[in-house]
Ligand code: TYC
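Okay, so here's just one chain, in structure tokens, the form predicted alone.
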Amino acid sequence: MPPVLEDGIQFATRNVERLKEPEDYQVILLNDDYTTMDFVVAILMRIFHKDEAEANRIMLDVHQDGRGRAGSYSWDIAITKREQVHSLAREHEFPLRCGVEPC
């Protein structure tokens, strides 16, 4: 039963649900032996809106470490960017792949 004030008025209480921020996901470009470095830089600039210096740095991470973080996005945007990368790679006949994983 809701609490009662001195003058006999009752007031209702309610539970407030706390919403949490959506999780971010990182898009990871994966190295292969066929995709050119120039194409990876172009992908980073076109799809991920990186400037040339940042795109080159990420491309070198992909080349040297086998993977490079292209960006961090909400789930829907990360999946869309992954599909854009795969689509452009197929169009240019490169096997470039990328993945999406939680940050």
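Note that the coordinates shown come from a computational prediction; the quantities given were computed from them, not determined experimentally. Residue numbers run from 1 along the displayed sequence.
What comes next is about the form predicted in complex with this ligand, which is not displayed.
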Closest heavy atom of M37 to this ligand in the model of the complex, within 4.5 Å or not? yes
L30 within 4.5 Å of this ligand in the model of the complex, heavy atoms: yes
Indicate whether A78 is a 4.5 Å heavy atom neighbour of this ligand in the model of the complex. no
Considering non-hydrogen atoms and a 4.5 Å limit, does this ligand approach A70 in the model of the complex? no
In the model of the complex, does each residue in the set I47, L88 and A89 place a non-hydrogen atom within 4.5 angstroms of this ligand? no
Between 37 to 74 and this ligand in the model of the complex, list the residues on our side with a heavy atom within 4.5 Å. M37, V40, M59, V62, H63
